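Quick heads-up: it's one chain on its own, the form predicted on its own, in structure tokens.
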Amino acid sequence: MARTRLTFDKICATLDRCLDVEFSFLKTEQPAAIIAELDSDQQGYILEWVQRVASTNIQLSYQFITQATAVLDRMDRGIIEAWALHAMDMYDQSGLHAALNVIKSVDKFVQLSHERTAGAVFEDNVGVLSHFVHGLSGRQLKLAEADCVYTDTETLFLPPVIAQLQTTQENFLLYKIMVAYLWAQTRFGTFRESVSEALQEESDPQQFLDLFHALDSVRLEACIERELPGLHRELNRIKATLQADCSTDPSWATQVEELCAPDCDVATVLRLTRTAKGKDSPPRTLFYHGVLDIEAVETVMAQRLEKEKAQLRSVLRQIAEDMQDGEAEDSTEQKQFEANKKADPSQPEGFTIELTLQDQPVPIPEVVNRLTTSIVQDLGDIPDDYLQAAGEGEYDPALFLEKEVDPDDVWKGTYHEEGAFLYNEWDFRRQHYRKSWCAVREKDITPVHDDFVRATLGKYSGFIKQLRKTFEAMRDEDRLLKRQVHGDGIDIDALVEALADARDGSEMSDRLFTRMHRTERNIAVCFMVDMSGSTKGWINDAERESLILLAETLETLGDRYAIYGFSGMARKKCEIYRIKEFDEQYDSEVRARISGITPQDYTRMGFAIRHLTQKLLETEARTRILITLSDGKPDDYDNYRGEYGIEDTRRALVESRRAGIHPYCITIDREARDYLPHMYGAAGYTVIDAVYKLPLKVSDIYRRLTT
């Protein structure tokens, strides 16, 4: 049915409502006049997106009108929608100014969109690339997005989009080649010699650095050829695509031969750079070679060397004490270890490090192996002062080590997302996700060793016996298999169908029997417990009693199960509480954690469903179940309430089902029937009014999903 073209007055009224002009004081006459000139379909389309953008920011939506109507006839609607969504994402990430820049720079966005069509995007490929770089030898490296290609020896910086080649697959391969090349810089000693000292001696430092970079690139590609021959073949193919003539001037043949030799190191590259200054037509650097940021390298290396020296000396002290093993020696004496090189052709350096103390071989734990590998990458050897065990009272290098961020410390100060899990959140008004919107941290519950568990077991002792019998019967249940070739009984339905087939001349099936079969249980269930402030009082007691009853009876089944609490305060303080993890035994510590469950903040549910879905997916099981125990609907003190919270929770549940999880909700909220059918479906929830009914409901869920 065709839309009716709107009049100027109706458009004004719609814009006044969308842009909240009573409070924003925006003038809608001019944009309304522009929209009035469009046909009815275009009017509806623009007004729909004005409303979507206005749900994020009114000023952003107001600016969107003029820009969108100007490009409506020359831009695909898919690009317009991507542009509007990108502006809203920028608002979420960087604020109004950055979002307005996106709106005003529509032509630039179109150009980037064309690049992304055939290009590879860092955000989409960072996971695969991270696995690739972690599989390479040497120091563990991180990946990050930047405007140019370089490394500081701990992080590989890559461009946000690569669109140099014709297809997405080829551009992804170019990403992979970049990663391998930057890894080679860190692994094969590009920064081992002090390049900065060499630059200080030069009258034209940049020219010297460019030549050094070009010559070292020849050396590193030879290293890649020896270490990763398959990738090197792809590299040669890509080079031919990037550059018509990849050959090097014949006058450089002698230098290239020396650079490609297995024993060539960075000292050789520096020597050749000095002797080749001013020589014409040197080898060229290509796009994937990036740049050398010597200042960034020196800053990061200095910090790492100081940290790793302290760590190694501290570990050596512990090794010396373990080897002494109670012998009457002065414990304050600093032990001097020795590092011996053992030939090992599999290593880029050609050797591995063996340690001795007083001519006695030292067993090298993994932490020492990691430290010595990293130090050799930087220095080519282990200096003697690194091999002296730390003395009494020396600075504890443990302070250098990266530790898990304490969520409570994070919330006290200025918020940052380091160490947090980041999850999208569905905005039904935008009809799109807010990217990396919720910052989620896992916390431990303080165990409470009181008599709550004992009292609960005493209170429900008779009921627990009944529950155990119920679950034992479930464990020993046989499953009736129908339409079998052989069996103990007749499958009436299959027999009727077979006789009907025989009468009309079709071939009669031989699958006419039933038989009982006992299948091995392979189930993982995760309980997601509402710890919001609204559970204070008898609801909290009911939840804790329920968990005790569940755990006591689930132990009978032998299935894997986990218990996590959830609560939070707005999107930047979303908390998951570890009560029992899948690989933990149900012991006195877990019981004490259940006893220690206390009401916290609000009921933001989407992040918890997404996080625990990931937990379940990481658990090997044929059937995975996520059961929510809650007292009410999704709610938070920001806009996560009403329809917004319900729609995000519903979307998180859809995501969970698509991943193969069976979600279910058990609630004591008498009003739950108003919203739970929309979120979980008519058969995906139950309302109870007494704690003792909860385990029985769980057994019903189990039987329905696992038989």
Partner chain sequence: MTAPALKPEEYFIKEEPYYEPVGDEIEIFQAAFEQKLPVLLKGPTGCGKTRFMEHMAWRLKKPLITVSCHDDLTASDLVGRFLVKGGETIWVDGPLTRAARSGAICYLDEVVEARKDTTVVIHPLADDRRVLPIEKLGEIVEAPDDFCLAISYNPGYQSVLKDLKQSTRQRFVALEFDYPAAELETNIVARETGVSHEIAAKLVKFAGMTRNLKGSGLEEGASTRLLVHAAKLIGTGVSPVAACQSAIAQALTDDTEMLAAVSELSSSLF
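Residue numbers count along the first chain shown, from 1. Superpose the two forms; the largest set of C-alphas matching within 1.5 Å is the rigid core. Here the structure is a predicted model, which is why all the values come from computation and not from measurement.
The next section is about a form of this same protein that is not shown, the form predicted together with its partner chain.
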Candidate spot L228, R233 and L512, all three in 4.5 Å heavy atom range of its partner chain in the predicted complex?
-> yes
Does H213 make contact with its partner chain in the predicted complex, using a 4.5 Å heavy atom cut-off?
-> no
Could you tell me if P447 has a non-hydrogen atom within 4.5 Å of its partner chain in the predicted complex?
-> no
Is there a heavy atom of H131 no more than 4.5 Å from a heavy atom of its partner chain in the predicted complex?
-> yes
Partner proximity in the predicted complex: M90 to its partner chain, non-hydrogen atom cutoff 4.5 Å | no
Candidate from Q318, S194, S251, S137 lying within 4.5 Å of its partner chain in the predicted complex - any heavy atom = S137
If we test each of I490, A455, A98, A267 for a heavy atom within 4.5 Å of its partner chain in the predicted complex, the one that passes is I490
Which one of these stretches, 308 to 316, 292 to 300, 492 to 500, 151 to 159, sits within 4.5 Å of its partner chain in the predicted complex when only heavy atoms are counted?
-> 492 to 500
If you look in the predicted complex, which residues in 141 to 179 sit within 4.5 Å of its partner chain (heavy atoms)?
-> F172, K176
Is Q585 one of the residues whose C-alpha moves 2 Å or more between this form and the one not shown after the core fit?
-> no
Could you check whether the CA atom of Q93 moves 2 Å or more between this form and the one not shown, using the rigid core for the fit?
-> no
Do you see a C-alpha shift of 2 Å or more at D427 between this form and the one not shown, with the core held fixed?
-> no
